[in-house]
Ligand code: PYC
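Presented below, as structure tokens, is a lone chain in the form predicted alone.
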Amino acid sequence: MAREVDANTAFERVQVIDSHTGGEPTRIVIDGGPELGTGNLAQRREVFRDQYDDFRSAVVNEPRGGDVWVGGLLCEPDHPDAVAGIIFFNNVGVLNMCGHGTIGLATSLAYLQRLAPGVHLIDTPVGVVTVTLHDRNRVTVTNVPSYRFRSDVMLNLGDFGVVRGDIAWGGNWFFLVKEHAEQVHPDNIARLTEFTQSIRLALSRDQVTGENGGEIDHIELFGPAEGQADSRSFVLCPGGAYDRSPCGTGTSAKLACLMADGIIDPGETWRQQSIIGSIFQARGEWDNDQVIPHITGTAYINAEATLIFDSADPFSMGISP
């Protein structure tokens, strides 16, 4: 459906940098975005969500984008030592955090010559994270503390049977399933999407949430990997698209479960493969009862562009899914 456009403005221009991390696209708004005030990033995320949903839609939805796109609004950081602040969003709303997007952000800032190789802090709505820019494409994100909230949670999926999974936090809430009858393979994406959508519906039906009622908006399946990876994943994102990358926050959540089960040790590398074959390297360390994840991946710049919002265009502010 079309969204309303401010008829008082003939044209508005927004500057963006497009990249992809392991195949998953990120669009960083570097100029022309809304002014969100001076609160911390969590407060500004709420302002963006409540007052500028049309802008979110215009940046990532059709006709300029599509369901798979993740956007990032570059902001002034609240933390005094951070080099940038970021609020991530997708085709249906704002996100808490985005691992692949943070890798794309670091690569985009490097492209703009705003970030040199080395260690830097990035302010996000869920806390300050660290990025290590190894070169113009390779980045390690030291993510927010991650943990398993519940294990062996049973869901009845009707025709798909019963599944059990873990609920874990990695910057977003995940339901992670390792034992299932589905083939985690790119030839099976349509069925995997249907299967994971049924899990999301069951979570909502049974009122299963993360800690403090947090919505579990990401579903992740695991299966045998190809090549040198340790496992292959399929991740259903909040807007219904699947993640082309191995998913940074999902890999963080998985790492917390692996370490809680004693499957891998602190500092041991876990190679997580995405459904299309791209790989993140992950390792973690304990911080009390939580895991500090370090996720390494590569991103590449696709475009430096000006988005034009024409008030005469009935679809200027995006086509809602």
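Sequential numbering from 1, following the sequence displayed. All values derive from a computational prediction rather than experimental measurement.
Form predicted in complex with this ligand: not shown, discussed below.
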{"item": "Distance check, C98 to this ligand in the model of the complex, heavy atom within 4.5 Å", "value": "yes"}
{"item": "4.5 Å heavy atom contact, V70 and this ligand in the model of the complex", "value": "yes"}
{"item": "4.5 Å heavy atom contact, C237 to this ligand in the model of the complex", "value": "yes"}
{"item": "Exercise: G104 in contact with this ligand in the model of the complex, heavy atom 4.5 Å", "value": "no"}
{"item": "Sole residue of S108, N172, T124, S233 within 4.5 Å of this ligand in the model of the complex, by heavy atom", "value": "N172"}
{"item": "In the model of the complex, the residue from H120, R148, H218, H180 that sits within 4.5 Å of this ligand by heavy atoms", "value": "H218"}
{"item": "Interface segment, criterion being heavy atoms within 4.5 Å of this ligand in the model of the complex, picked from 74-82, 130-138, 161-169, 241-249", "value": "241-249"}
{"item": "Within 285-321, the residues that have a heavy atom no more than 4.5 Å from this ligand in the model of the complex", "value": "none"}
